[in-house]
Structure formats: structure tokens, C-alpha cells
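Single chain ahead, by itself, as C-alpha cells, in the form predicted on its own.
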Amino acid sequence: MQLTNYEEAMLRGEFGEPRRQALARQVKIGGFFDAIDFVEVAQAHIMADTESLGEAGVQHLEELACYPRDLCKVCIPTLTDPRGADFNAYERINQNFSFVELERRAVRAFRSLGVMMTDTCINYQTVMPPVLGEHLAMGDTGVVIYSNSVQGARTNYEGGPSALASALTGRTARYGFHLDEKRRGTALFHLEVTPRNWTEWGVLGGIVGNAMGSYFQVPVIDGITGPAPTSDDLKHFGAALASYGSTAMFHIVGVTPEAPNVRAVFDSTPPKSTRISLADIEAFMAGYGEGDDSLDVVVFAAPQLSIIELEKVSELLRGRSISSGVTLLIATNPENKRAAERFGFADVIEESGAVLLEGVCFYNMHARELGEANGWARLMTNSAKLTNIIGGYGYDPILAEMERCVESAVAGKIV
């Protein structure tokens, strides 16, 4: 790789061992992807939960934090993905105390490195939203696809170690979605019907994601009618698309900034489109709805809820009570939790018997162990992304819109 004088000095250790190690790791990553050089990045976003880190990862962070602060402090704004424990609520959901203590150690180490514990996968809705053309080093799938697609910023999926390396060096290898040519459309989908709610937007993401065969494929969506999709619509669409398709970017014609029309996003004549109908959406949802009406837990998470989603769920719960046989968990980030408290949404949610969690996301919380500790197996959610993930943790997922999920939590069974 072609290195600048500054990067050569960093690689010689002139700016400390943590930065030398970080850049050396990035050179190897760049070599793997045939990157010619590095690009400077404006911010980084690190997967920070201990289910990802493990004991070894936490020990590595603690070792870095032992260096003098000027040698180990991150050099660009660095955010964190949801943690694996809400320190104010873990006892209410019977979370293993050893996991919580590992989280505390990780938080202390990250703070020593100057990392901002934002604990969110929706930073683009709350903290430092990326801007058009900005280069980033982001980790979470939902953050990456939203940053690339909706905001027109540029990032690849960065694993935890590579995101931390970018935080220490201010750089990442110039490959993938940092390059103009990798951001072009590769497949075309035409909608015969526009999704009507957040769940259906997530389902659309799952349908398109299932059709993807490569990380570097970029689907283009045409046929949106009516009002432009909202931030939450696009959040659910992108999160599911990234989950089902390992996809890092999409274009929606007339909506996302790099897709003013169909021809503008393809290098040549657009390919034949794949049509998506209401029947396709209904069939996808039916795939997560079979079986009896038993229900253990309802989860609103993956992605974390925006303040708009928190307002809606609080109105659905106002004056109602969750069934004693069901747990309702709602995950958001610390900023939205404070806002929900100011606006009165949090009181309504908690008065219903639901649990409002901050700084976490359900599948990051050692979900299998949570299920075993609480006897949870049948899980209902409005998140297509979560239904794709949570079966691997031993759950039987049911996908439905938010209204039906709340009705079921109140009834104590799937309605």
C-alpha cells in the first residue's frame, strides 16, 4: 500500500505502540482487499457488546488502556454500538451477573480510550448523523447501510478490531464502498405495492436481501408511490436488508441521494427488474407466523427505537397492562430514553408493565441465556431483522406489526 509520511511514521511507532499495532493491522486488511492506500475517516463506530468481545477482547481493551492517555486515546470521534447489559435493569430480566460485570470492565476500558459510550445502532437518528460524501469506519450493519444509502456517506462493514484501529489512526483502507465504482447499482427491483408500516418495510428488506448473492451487490428499488418513506421506514428496510443479504448499500429511486432516476445508478442499460407484490410481502410474514397462539416475550428492538416509535408504542400501551405471563421489552438508546422520560412516554410504558431498556439491543444481550433464565421460547416482534437473527439463539419468532404485537402482549397470547 502507498503510505503517506505520517503513516510511515506511525508504522515505525513514532506515535506509540497502540497506533503502530493499529496501522499494521490495517495494512494487512488493505492488502487483502487490494487497496492502494488509506482514506481519512471522520468518525468510527465500534461493536462493543461483550458477547462480541468476550473475555479476550475485554482484556485487550484493558491492556490498551494501560498506556499513557496521549498514546492510546482515539484521534477521531468514536461511537459504540449497543452494549450487552442495561446496568439499571439487568436484575429485572434475570441477566447473568457475570455478563454484567464483563460489560462494566469493557465500559471502563473504552472510556479510558476516549470512546464515547453512545451505545446505539441508530446514531444517525440521534448522534452525529453522517453527511453526503463523508468517509467513515462504521461497524453495525444497520449503521453502515443507512450511512451509505440514505445519507450518502462512505463506509464498509468494519469488524470491532478494525473499527478500533480506525479510531486510533483516523484511517481505513480505501476499498469497497469508499470507491465510486462499488456504489453503482447491480440489481433492480420494482415495487407493485409500497409498504404500509415499519414491519412491511422490514419485510421488503428481507425479500431483497434474500435475493442478494454478494456483499458487493447494490440493489436498486423503483416504484415507490405516495409520500417519501420516513427515517424509521428506511431504518427497518436497511436493517433487514443488511441482515438477510449481508448488503451494505441500496438505492431507492427518487429517495436516496445518489439515485435521482433509474439510469443514473447503473453503468449501462438497467437490468431486467424483479417485481415485488403484496403477495410476496404476505408470504414472507406468513413464514414467521405458524404454530399455536402461545407467547412468552414480545421484543421491540433491532434496530433500537426512535423517539417517534417510542411515542407510538406508549400510545398503544396507555392505560393498559401487559399480561402476567408475557414480558414486553423495548430497547432504545440513552438519548431517546432521556427524551422519552421528558415527554412522558417512559412513564406510560413502565406503568403498563413493559420494560424500557437503554443502550442495549436484545440479541446482543446473551439472548440464549436470557431465554433459558426466563423460560422464553416463543418471541414476537415487529422487526424483520430480529426474526432473522433470533432463531439462532433458540427462539421461535413471530413477525407482526407493532399494533398486533402490543395486543398480543396484553392478551397473553398471539392474537
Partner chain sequence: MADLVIKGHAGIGPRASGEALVAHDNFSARYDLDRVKGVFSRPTHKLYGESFLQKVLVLNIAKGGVATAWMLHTMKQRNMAPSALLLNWANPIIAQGAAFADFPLIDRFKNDITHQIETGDLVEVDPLSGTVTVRGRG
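Numbering follows the first chain given and starts at 1. Quantities reported herein were computed from a predicted structural model and do not represent experimental measurements.
The discussion below concerns the form predicted in complex with its partner chain, not included here.
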Determine which one of 321-329, 292-300, 154-162, 116-124 lies within 4.5 Å of its partner chain in the predicted complex, judging by heavy atom distances; exactly one does. 154-162
Give me the residue from 347, 62, 40, 51 that has a heavy atom within 4.5 Å of its partner chain in the predicted complex. 51
Are any of the heavy atoms in residue 391 no more than 4.5 Å from a heavy atom of its partner chain in the predicted complex? yes
Look up in the predicted complex whether residue 214 has a non-hydrogen atom within 4.5 angstroms of its partner chain, and give yes or no. yes
Quick check on residue 175: any heavy atom within 4.5 Å of its partner chain in the predicted complex? yes
Should residue 78 be counted as a contact of its partner chain in the predicted complex, where contact means heavy atoms within 4.5 Å? no
Every residue of 140, 209 and 363 near its partner chain in the predicted complex, heavy atom within 4.5 Å: yes
Heavy atom within 4.5 Å of its partner chain in the predicted complex: which residues of 16-35 meet that condition, in order? 25, 28, 29, 31, 32, 33, 34
